[in-house]
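Given as structure tokens, the chain that follows is alone and in the form predicted alone.
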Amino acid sequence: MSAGRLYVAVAAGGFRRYATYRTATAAGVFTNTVFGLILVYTYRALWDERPHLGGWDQAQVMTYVWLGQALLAALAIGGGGIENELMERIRTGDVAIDLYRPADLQLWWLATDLGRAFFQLLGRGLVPFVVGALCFPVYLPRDVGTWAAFLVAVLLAMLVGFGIRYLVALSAFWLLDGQGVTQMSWLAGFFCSGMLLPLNVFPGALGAVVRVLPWSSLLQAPAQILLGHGDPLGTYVFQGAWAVVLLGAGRLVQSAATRRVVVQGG
């Protein structure tokens, strides 16, 4: 089997694996819908007081809320990606088996995570977004080109998200317990991706800083394109640059870890 076909098969396996968790998926759909409703009424109150805050009207911010719920699990902003499983394999020493496979460790886990992400986007993210679009006045572009540009940005967001979480997982080569790093990453993801509040409403220097961090590639960047406020080419360059930096850093850390660190547990 060629390398390309191998990683496609791994991604398909990741998709099928998460598709078997039907109860968990249904619970996730319900949870995302409820949290979406909470955020909708919170944002409505804020935008009633400050119309056009951040340059968005209420319909656009309603779209942003449901887009966030659609992408939350797919991009594993609050956890649920491959990082916990990989950290556990490092802790127990089972990662040694992964290193003996005739496949690249980083690409193997990237393919696995992409399969998971595509399932979560379709199986868990689509329903809350549709519910929100049916129940609230939202802004939805009418041209196919905007939707296509948005989907490309989502794919790049998946790469950036994996790059962040892969680095977090590799910390387990040096740490006895990586839960602290994982939780710090979740907190940074929620705040700096715009999941709690759109980054375009952050004031002054704080807004300038969070908008150039890699987490802004996850939710804010695709949302800007969908809502007609982002330049697709500039967004792709920004996301692509962060993807290259993070994946390259992951490659370097992986090389250092597998060369110099004794796997814990074996």
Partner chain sequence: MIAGMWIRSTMAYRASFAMTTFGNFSATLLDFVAIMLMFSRVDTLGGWSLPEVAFLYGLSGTAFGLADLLIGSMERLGRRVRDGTLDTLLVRPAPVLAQVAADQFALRRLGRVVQGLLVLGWALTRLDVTWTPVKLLLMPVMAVSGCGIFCAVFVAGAAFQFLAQDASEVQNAFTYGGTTLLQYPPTVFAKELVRGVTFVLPLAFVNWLPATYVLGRPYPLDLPRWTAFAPPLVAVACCALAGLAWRAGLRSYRSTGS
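What you see is a predicted model; the values in this text were computed from it and never measured. Positions refer to the first chain, counted from 1.
Missing here is the form predicted together with its partner chain; even so, the following discussion is about that form.
>> Since the partner isn't included here, can you check whether its partner chain sits close to all of Ala12, Ala19 and Trp147 in the model of the complex (heavy atom within 4.5 Å for each)?
In response: Not one of the three qualifies.
> Considering its partner chain in the model of the complex, which of Leu140, Leu99, Leu187, Leu134 comes within 4.5 Å of it through any heavy atom?
Replying inline: Checked against the cut-off, the match is Leu187.
>> Only one of 224-232, 61-69, 237-245, 43-51 has heavy atoms within 4.5 Å of its partner chain in the model of the complex; I'd like to know which.
In response: It is the stretch 43-51.
>> With the partner left out here, check for me: in the model of the complex, does some heavy atom of Gln183 sit within 4.5 Å of its partner chain?
In response: Answer yes; at least one heavy atom of Gln183 falls within 4.5 Å of its partner chain in the model of the complex.
>> I'd like to know if Val34 sits close to its partner chain in the model of the complex, meaning any non-hydrogen atom pair within 4.5 angstroms.
In response: Val34: contacts its partner chain in the model of the complex.
>> With a cut-off of 4.5 Å between heavy atoms, is Phe191 one of the residues that contacts its partner chain in the model of the complex?
In response: Flag for Phe191 set to yes.
>> So, Ala24 and its partner chain: in the model of the complex, are they within 4.5 Å at any heavy atom pair?
In response: The answer is yes: Ala24 has a heavy atom within 4.5 Å of its partner chain.
> Which residues in 196-232 have a heavy atom within 4.5 Å of its partner chain in the model of the complex?
Replying inline: Stretch hits, in order: Leu196, Leu197, Asn200, Val201, Phe202, Pro203, Leu206.
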